[in-house]
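Next up: just one chain, as structure tokens, the form predicted on its own.
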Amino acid sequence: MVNLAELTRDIRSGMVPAYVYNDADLFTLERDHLFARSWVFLAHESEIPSPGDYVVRRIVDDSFIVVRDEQGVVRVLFNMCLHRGMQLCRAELGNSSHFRCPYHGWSYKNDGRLIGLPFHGDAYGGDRGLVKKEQRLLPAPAVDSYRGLVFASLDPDVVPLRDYLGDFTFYLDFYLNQSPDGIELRGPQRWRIKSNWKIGAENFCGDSYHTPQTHTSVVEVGLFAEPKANKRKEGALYFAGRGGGTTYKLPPGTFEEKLRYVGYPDEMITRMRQNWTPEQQRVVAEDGFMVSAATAFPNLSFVHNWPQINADGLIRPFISLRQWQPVSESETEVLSWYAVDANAPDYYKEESYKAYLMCFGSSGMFEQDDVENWVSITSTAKGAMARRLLLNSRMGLGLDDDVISQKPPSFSGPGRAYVGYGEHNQRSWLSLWSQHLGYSGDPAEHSPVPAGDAAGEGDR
């Protein structure tokens, strides 16, 4: 039995019980409480652009059909036939005006309405026994979207999506709002790893410390001309609302010069200036930071990097979305999408996609480095000794809980930001995680960690 109060106190102090990365009881709590109460990303509208387009996605054990109906409305329908519970749609994606159950042939329009069943009169006496027009597939309890990202929640009383994301939307826009038409996705690539889902989510949320060690070979082969991995400490870590991430420190220059430095062509830079707020522009132009990896709680991550893609030194940035889909306490299904400004020129999309494939996705160099670590952590966390060990996640804090990491001289984004190595974001992310498992005590009551650090809020 998990002692949630004790677990929460340990996490807020920066000491993480090792067993959290491979524990069946915790996984049950995550399924029944965390994923049952959170907004979870399912798809992007660009994946289903036309009426009838659909993809099938999951929230842990619950399968959903995300479909654009004949009226253009995006619907999220529980993927189970109303008759005997057969999985209705067994393809991962496609286009269809209706879905027919392979068991007994009940058929549904892509808006969820039951439109046909064999032998309706003989089996049910027609509408005297079963009124077809009153039957429809079970919709997700809550559905909403942000800049084309479609989210669902199993909780009908969940807070509105914008309130849930809070100030993290400020940072999401760097990835999602580079032009008026937003982004389009390619993918997802999908694979499974023998790793706990939380490790990847935490890593993308704030672990700039691992780069010089884990990804040394990537730097040595010249994939990144600048910034070098050991300069990650010059970037800012930020946490706001239900998300946080890392940034790189850019060299001096104007807004345009800094975006050219990471490989954006001028026509895209012009649209970014038009779309981003003055505060968002200041993060780049005056504060000198460019967003890199980030995680929206609980399991949607982003990455933005700019590798060298040929021997001539051509730099091209790429954006990737990824979801850490829990399978069990020791296995995760990873879904990885390439994302790009829908208005980007074709040559840029081709070169940026190449950059993505080199770094991430199932064959990416960064991907291989990271997964080796995550699988090992999960395996080691299974044993009896792991239940005795508290992992030290206090980086950025002194022995007397003073913050060693420094606040940046200028940072125009909301939330809390620090420069230098630190695990502020991991502590904030795990604090949110423990709250969602069912502990109802005061989150700050037992914590020596500064309140802003623990809750993901505080001074800029």
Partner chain sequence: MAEDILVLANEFAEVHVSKVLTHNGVRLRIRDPKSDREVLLCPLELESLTWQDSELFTSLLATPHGPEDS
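Computed from a prediction, not measured in an experiment: that's the story for all the values here. Residue numbers count along the first chain shown, from 1.
Missing here is the form predicted in complex with the partner chain; even so, the following discussion is about that form.
- Residues of just one listed stretch (268-276, 114-122, 378-386, 292-300) have heavy atoms within 4.5 Å of the partner chain in the predicted complex: 114-122.
- Site residues Q308, I315 and K349 are none of them in contact with the partner chain in the predicted complex, judged by any heavy atom within 4.5 Å.
- The contact residue chosen from H210, K249, R100, K258 relative to the partner chain in the predicted complex is R100, the criterion being a non-hydrogen atom within 4.5 angstroms.
- When you look in the predicted complex, the only residue of Q135, Q281, S145, S96 with a non-hydrogen atom within 4.5 Å of the partner chain is S96.
- The shortest heavy atom separation between L88 and the partner chain in the predicted complex is within 4.5 Å.
- At a distance threshold of 4.5 angstroms between non-hydrogen atoms, G105 is in contact with the partner chain in the predicted complex.
- In the predicted complex, the partner chain lies within 4.5 Å of some heavy atom of Y54.
- Contact check for E70: a non-hydrogen atom falls within 4.5 Å of the partner chain in the predicted complex.
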